[in-house]
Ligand code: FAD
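The data below hold one chain only, encoded as structure tokens and taken in the form predicted on its own.
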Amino acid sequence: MIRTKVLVVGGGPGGYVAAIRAGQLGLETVLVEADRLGGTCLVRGCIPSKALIHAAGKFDDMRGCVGDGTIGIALREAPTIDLNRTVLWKEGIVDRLTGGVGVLLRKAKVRVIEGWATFCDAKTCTVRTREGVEVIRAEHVILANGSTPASLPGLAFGGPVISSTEALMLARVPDRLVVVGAGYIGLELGTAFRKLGSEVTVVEARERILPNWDEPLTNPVRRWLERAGVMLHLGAAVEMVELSEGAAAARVRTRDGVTVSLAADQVLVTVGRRPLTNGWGMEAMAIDMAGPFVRIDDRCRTSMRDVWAIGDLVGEPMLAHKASAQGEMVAELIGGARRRFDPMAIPAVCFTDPEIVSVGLGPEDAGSAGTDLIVSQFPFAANGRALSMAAGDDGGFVRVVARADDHRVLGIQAVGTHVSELVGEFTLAIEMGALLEDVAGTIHAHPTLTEAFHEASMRGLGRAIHI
């Protein structure tokens, strides 16, 4: 039997960060991972999808230069893409990062065991490895089991019906792709495959795309989809996928009650993710649930003493950076610190075209609390850096939401090219309790996109310069 101070189950962005921090604090730590270090985000989610999005963007830019070209750049012939080689390049990035995680764990003196952990009680698990079975007994257990793609009735994964995992490993660009779900995963991948040359159709049960974001933010994305020839079926549902002589067709019930058949080489189902709560003995641990998620308090403690849970397992937002922050905190709590998980804001990013970011409260969220607001925005059409990147005409902007009485910044949203790189400044402003005057009084470098944040804050104070 292996006895340890800390047992971490899951080597994703929550688990490996918890293990590294515990090791740094001198706590004897064992991490169990059944797949590859890095978890969903690094291996089959955030990182590989952004690599594919980058490659698709470069390919699409080159296609736009064929013939007369743009901005003085012209190509005589259309470019070609070998998706298999693109996937190999993407996997090289994943390998480099997973290897780096392994090095960091070794540096922190964390013992890594490869295998599937199954609990027989709250502090004891067996791990089936290639060499045999290990039994681990821990004083503290950190559950970081993650999540898995959700499926739909009648659309079980297999054959032409794929999840985001399989979409990132395709050897060729599908001629026809039907995307089920217009959330951020579906639109990120749908946009990438459209740029790579697929005919893309998106089917969404609700009445608009990206329903978790407000319409002013999503309208530029919808305009891009329409210009790019992406077909949208909103308020619609895929009832089933029919197979006939090697071909597939998605049967869709539209908002008008009409049934249409959409031919497809692949049907990509992106209707969210569900916590991975089955198959590892959670029922033997006597921990309380909150719906499909593990119930925790503001220190990530479960109902079982010295059993902690973090990341996707404990609920929304199911984001890697939330999991990492929770993992670091739990390790420090075990080490004797006094902390609780109470961030002012957790940033969210959508890597569509254009990109969307949101931190803190939107106008509707803040307004529902009965607070008088200042809502001000500045368009990238008036930003020199955006125009110099040919990114000023996509309807992008930065929006600031602040209290009217004391000018405290409550939320910041933006849509536009490369706005994901602004999210750190946005989050820091809210976490530090910035006022509009603080942002307006900070000198922002010119020419940069961050000037739009400065100008939006100035505009909220009634003294914008460039609009």
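All residue numbers refer to positions in the sequence shown, first residue = 1. From a predicted model like this one, the values you see are computed outputs, not experimental measurements.
What follows is about the form predicted in complex with the named molecule, which we do not show.
Annotated contacts: Ala381, Gly416 and His454 are all free of the named molecule in the model of the complex [non-hydrogen atom within 4.5 angstroms]. Stretch-level contact check against the named molecule in the model of the complex with heavy atoms at 4.5 Å: of 31-39, 65-73, 432-440, 417-425, the positive one is 31-39. Contact between Gly115 and the named molecule in the model of the complex is found at the 4.5 Å heavy atom cutoff. The shortest heavy atom separation between Phe193 and the named molecule in the model of the complex exceeds 4.5 Å. Using a 4.5 angstroms threshold between heavy atoms, Leu276 counts as touching the named molecule in the model of the complex. In the model of the complex, Arg399 stays away from the named molecule, with no heavy atom inside 4.5 Å. None of Val178, Ile142, Ala323, Ala386 but one reaches within 4.5 angstroms of the named molecule in the model of the complex through a heavy atom, and that residue is Ala323. Counting a residue when any of its non-hydrogen atoms is within 4.5 Å of the named molecule in the model of the complex, the hits in 298-321 run Ile310, Gly311, Asp312, Met318, Leu319, Ala320, His321.
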